[in-house]
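In the form predicted alone, a lone chain appears below as C-alpha coordinates.
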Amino acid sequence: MSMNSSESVEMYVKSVAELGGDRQPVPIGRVAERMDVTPVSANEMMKRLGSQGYIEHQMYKGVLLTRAGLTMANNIIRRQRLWECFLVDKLKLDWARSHELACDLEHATAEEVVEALVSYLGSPTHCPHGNPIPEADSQELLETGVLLSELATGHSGRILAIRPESHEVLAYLHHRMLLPGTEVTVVEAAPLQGPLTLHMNDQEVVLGLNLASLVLIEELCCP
(Lines give C-alpha, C1' and ligand atoms only; values in the text may rest on other atoms or scores of the structure.)
Protein backbone atom coordinates (compact mmCIF):
# COMPACT_ATOMS: atom_id res chain seq x y z
CA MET A 1 0.00 0.00 0.00
CA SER A 2 1.41 3.36 -1.02
CA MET A 3 1.73 6.14 1.56
CA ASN A 4 0.74 9.76 1.16
CA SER A 5 3.11 12.51 2.23
CA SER A 6 1.72 12.81 5.76
CA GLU A 7 1.84 9.04 6.33
CA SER A 8 5.41 8.92 5.05
CA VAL A 9 6.53 11.59 7.52
CA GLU A 10 4.82 9.73 10.37
CA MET A 11 6.39 6.40 9.43
CA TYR A 12 9.89 7.87 9.28
CA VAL A 13 9.49 9.64 12.64
CA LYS A 14 8.13 6.46 14.24
CA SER A 15 10.98 4.40 12.77
CA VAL A 16 13.60 6.75 14.22
CA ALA A 17 11.89 6.43 17.62
CA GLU A 18 11.74 2.63 17.43
CA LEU A 19 15.45 2.53 16.61
CA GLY A 20 16.27 4.49 19.77
CA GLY A 21 16.45 7.96 18.28
CA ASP A 22 15.11 9.52 21.46
CA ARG A 23 18.33 8.55 23.31
CA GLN A 24 21.18 8.40 20.81
CA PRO A 25 21.85 9.20 17.14
CA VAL A 26 20.52 6.63 14.68
CA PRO A 27 22.55 6.11 11.47
CA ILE A 28 20.49 7.01 8.41
CA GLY A 29 21.40 3.65 6.89
CA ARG A 30 19.51 1.90 9.70
CA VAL A 31 16.48 4.09 9.07
CA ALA A 32 16.64 3.20 5.36
CA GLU A 33 16.82 -0.50 6.22
CA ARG A 34 13.90 -0.22 8.63
CA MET A 35 11.79 1.64 6.03
CA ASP A 36 12.96 -0.62 3.17
CA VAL A 37 14.08 2.34 1.06
CA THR A 38 17.39 3.43 -0.46
CA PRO A 39 19.83 5.44 1.68
CA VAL A 40 19.38 8.33 -0.77
CA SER A 41 15.62 8.37 -0.17
CA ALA A 42 16.09 8.17 3.58
CA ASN A 43 18.64 10.97 3.52
CA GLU A 44 16.28 13.24 1.58
CA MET A 45 13.50 12.58 4.07
CA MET A 46 15.85 13.29 6.98
CA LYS A 47 16.57 16.69 5.46
CA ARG A 48 12.84 17.33 5.19
CA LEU A 49 12.18 16.24 8.77
CA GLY A 50 15.04 18.42 9.95
CA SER A 51 13.59 21.48 8.22
CA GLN A 52 10.22 20.73 9.86
CA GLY A 53 11.79 20.54 13.30
CA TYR A 54 11.22 16.84 13.98
CA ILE A 55 14.84 15.65 13.96
CA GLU A 56 18.33 17.03 14.32
CA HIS A 57 21.30 15.64 12.44
CA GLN A 58 24.62 14.98 14.13
CA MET A 59 27.49 14.88 11.66
CA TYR A 60 28.93 11.38 11.15
CA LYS A 61 26.60 9.96 13.82
CA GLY A 62 23.01 10.07 12.61
CA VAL A 63 19.70 11.63 13.56
CA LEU A 64 18.01 12.38 16.88
CA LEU A 65 14.37 13.19 17.55
CA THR A 66 13.57 16.68 18.79
CA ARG A 67 10.89 17.21 21.42
CA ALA A 68 8.37 17.82 18.63
CA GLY A 69 9.51 14.66 16.86
CA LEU A 70 9.21 12.58 20.01
CA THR A 71 5.71 13.91 20.66
CA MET A 72 4.68 12.96 17.13
CA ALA A 73 6.28 9.51 17.43
CA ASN A 74 4.57 8.80 20.74
CA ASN A 75 1.16 9.81 19.42
CA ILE A 76 1.60 7.49 16.42
CA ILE A 77 2.80 4.63 18.63
CA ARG A 78 -0.12 5.28 21.01
CA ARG A 79 -2.64 4.89 18.17
CA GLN A 80 -0.91 1.79 16.85
CA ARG A 81 -0.78 -0.03 20.19
CA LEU A 82 -4.37 0.83 21.06
CA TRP A 83 -5.48 -0.66 17.75
CA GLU A 84 -3.39 -3.76 18.48
CA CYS A 85 -5.27 -4.16 21.77
CA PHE A 86 -8.61 -3.80 19.99
CA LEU A 87 -7.72 -6.25 17.21
CA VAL A 88 -6.39 -8.93 19.55
CA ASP A 89 -8.53 -8.50 22.67
CA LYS A 90 -11.88 -7.63 21.06
CA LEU A 91 -11.75 -9.02 17.52
CA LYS A 92 -9.57 -12.03 18.47
CA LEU A 93 -7.33 -11.57 15.45
CA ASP A 94 -3.88 -13.12 15.13
CA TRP A 95 -1.33 -11.88 17.72
CA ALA A 96 1.45 -11.49 15.15
CA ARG A 97 -0.71 -10.13 12.31
CA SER A 98 -2.26 -7.45 14.54
CA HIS A 99 0.84 -5.25 14.34
CA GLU A 100 0.71 -4.98 10.55
CA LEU A 101 -3.03 -4.29 10.57
CA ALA A 102 -2.65 -1.64 13.28
CA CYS A 103 0.07 0.10 11.25
CA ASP A 104 -2.47 0.60 8.46
CA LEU A 105 -5.06 2.03 10.86
CA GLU A 106 -2.81 4.34 12.90
CA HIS A 107 -2.54 7.02 10.19
CA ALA A 108 -6.27 7.50 9.72
CA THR A 109 -7.44 7.70 13.32
CA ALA A 110 -8.88 10.99 14.60
CA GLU A 111 -8.15 12.01 18.19
CA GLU A 112 -11.75 11.48 19.27
CA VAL A 113 -11.53 7.90 17.99
CA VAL A 114 -8.30 7.39 19.94
CA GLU A 115 -9.92 8.54 23.17
CA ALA A 116 -13.00 6.41 22.45
CA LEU A 117 -10.69 3.40 22.05
CA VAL A 118 -9.03 4.18 25.37
CA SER A 119 -12.40 4.28 27.11
CA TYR A 120 -13.76 1.18 25.35
CA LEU A 121 -10.64 -0.86 26.10
CA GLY A 122 -10.47 0.21 29.73
CA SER A 123 -7.34 2.36 29.46
CA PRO A 124 -4.81 -0.40 28.67
CA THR A 125 -1.21 0.29 29.62
CA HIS A 126 0.50 -2.21 27.29
CA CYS A 127 -0.11 -3.65 23.83
CA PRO A 128 -0.46 -7.43 23.28
CA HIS A 129 3.27 -7.61 22.49
CA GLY A 130 4.16 -6.19 25.89
CA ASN A 131 5.11 -2.66 24.87
CA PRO A 132 3.86 0.32 26.92
CA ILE A 133 1.20 2.59 25.46
CA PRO A 134 2.39 6.23 25.71
CA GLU A 135 0.20 8.96 27.14
CA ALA A 136 -1.14 11.53 24.68
CA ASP A 137 1.49 14.12 23.65
CA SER A 138 4.12 12.42 25.81
CA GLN A 139 7.77 13.32 25.24
CA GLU A 140 9.12 10.16 26.85
CA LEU A 141 9.42 6.68 25.38
CA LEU A 142 8.75 4.31 28.25
CA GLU A 143 10.97 1.24 28.18
CA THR A 144 11.94 -1.17 30.90
CA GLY A 145 13.99 -4.34 31.12
CA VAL A 146 17.16 -5.58 29.47
CA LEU A 147 17.80 -7.28 26.15
CA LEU A 148 17.65 -11.05 26.05
CA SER A 149 20.84 -10.95 23.97
CA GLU A 150 22.65 -9.47 26.99
CA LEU A 151 21.49 -12.09 29.51
CA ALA A 152 24.45 -14.10 30.82
CA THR A 153 24.67 -17.88 30.58
CA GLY A 154 22.87 -19.50 33.50
CA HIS A 155 20.71 -16.45 34.16
CA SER A 156 16.92 -16.39 33.85
CA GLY A 157 14.41 -13.77 32.83
CA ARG A 158 10.75 -13.18 32.04
CA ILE A 159 9.89 -11.81 28.60
CA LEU A 160 8.38 -8.33 28.84
CA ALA A 161 8.04 -7.19 25.23
CA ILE A 162 9.11 -7.54 21.61
CA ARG A 163 10.51 -4.41 19.96
CA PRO A 164 10.72 -3.00 17.42
CA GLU A 165 7.76 -5.01 16.20
CA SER A 166 7.36 -6.52 12.75
CA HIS A 167 5.02 -9.22 11.47
CA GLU A 168 7.89 -11.50 10.45
CA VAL A 169 9.60 -11.33 13.86
CA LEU A 170 6.36 -11.63 15.83
CA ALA A 171 5.21 -14.64 13.79
CA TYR A 172 8.59 -16.36 14.26
CA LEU A 173 8.63 -15.81 18.03
CA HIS A 174 4.95 -16.75 18.36
CA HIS A 175 5.60 -20.06 16.59
CA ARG A 176 8.28 -20.82 19.19
CA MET A 177 6.07 -19.58 22.06
CA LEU A 178 8.55 -16.86 23.01
CA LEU A 179 5.78 -14.56 24.25
CA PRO A 180 5.45 -11.90 26.95
CA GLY A 181 5.24 -13.60 30.32
CA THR A 182 7.36 -16.60 29.30
CA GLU A 183 10.31 -17.40 31.57
CA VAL A 184 13.57 -18.36 29.86
CA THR A 185 17.04 -19.40 31.00
CA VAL A 186 20.16 -19.02 28.88
CA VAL A 187 21.72 -22.49 28.77
CA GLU A 188 24.48 -21.68 26.31
CA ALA A 189 25.76 -18.71 24.31
CA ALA A 190 27.69 -19.79 21.22
CA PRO A 191 30.98 -17.92 20.63
CA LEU A 192 31.59 -15.31 17.91
CA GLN A 193 28.12 -13.78 18.19
CA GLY A 194 26.49 -17.16 17.76
CA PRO A 195 22.96 -18.14 18.82
CA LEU A 196 21.61 -18.58 22.33
CA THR A 197 20.26 -21.89 23.60
CA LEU A 198 17.29 -21.16 25.86
CA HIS A 199 15.43 -23.40 28.29
CA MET A 200 11.71 -22.67 28.51
CA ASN A 201 8.53 -24.64 29.17
CA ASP A 202 10.51 -27.87 29.71
CA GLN A 203 12.19 -27.62 26.31
CA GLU A 204 15.18 -25.99 24.66
CA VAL A 205 14.96 -23.39 21.89
CA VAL A 206 17.82 -21.94 19.84
CA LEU A 207 17.50 -18.24 19.05
CA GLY A 208 19.85 -16.12 16.95
CA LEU A 209 21.52 -13.19 18.66
CA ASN A 210 19.91 -10.64 16.32
CA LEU A 211 16.44 -11.88 17.24
CA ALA A 212 17.36 -12.04 20.92
CA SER A 213 18.25 -8.34 20.72
CA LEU A 214 14.59 -7.60 19.90
CA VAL A 215 13.30 -9.26 23.08
CA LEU A 216 13.10 -7.24 26.30
CA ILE A 217 13.18 -9.20 29.53
CA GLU A 218 13.02 -8.73 33.28
CA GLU A 219 15.97 -10.55 34.84
CA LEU A 220 14.78 -12.92 37.54
CA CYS A 221 17.77 -14.48 39.21
CA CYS A 222 21.47 -15.08 39.13
CA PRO A 223 23.23 -18.40 39.66
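This structure is a prediction, so every number in the text was calculated from the model and none was measured. We number the residues from 1 along the sequence you see.
As for the form predicted together with the DNA, it is not shown, yet the points below apply to it.
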The DNA in the predicted bound form has a heavy atom of only one listed residue within 4.5 Å, and of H174, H167, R158, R48 that residue is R48
If we test each of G29, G181, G154, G194 for a heavy atom within 4.5 Å of the DNA in the predicted bound form, the one that passes is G29
Testing 64-72, 38-46, 184-192, 158-166 against the DNA in the predicted bound form with a 4.5 Å heavy atom criterion leaves exactly one stretch, namely 38-46
message: With the partner left out here, check for me: in the predicted bound form, does some heavy atom of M200 sit within 4.5 Å of the DNA?
response: no
Contact between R34 and the DNA in the predicted bound form at 4.5 Å, heavy atoms? no
Notebook entry, point to check: Are any of the heavy atoms in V9 no more than 4.5 Å from a heavy atom of the DNA in the predicted bound form?
Noted result: yes
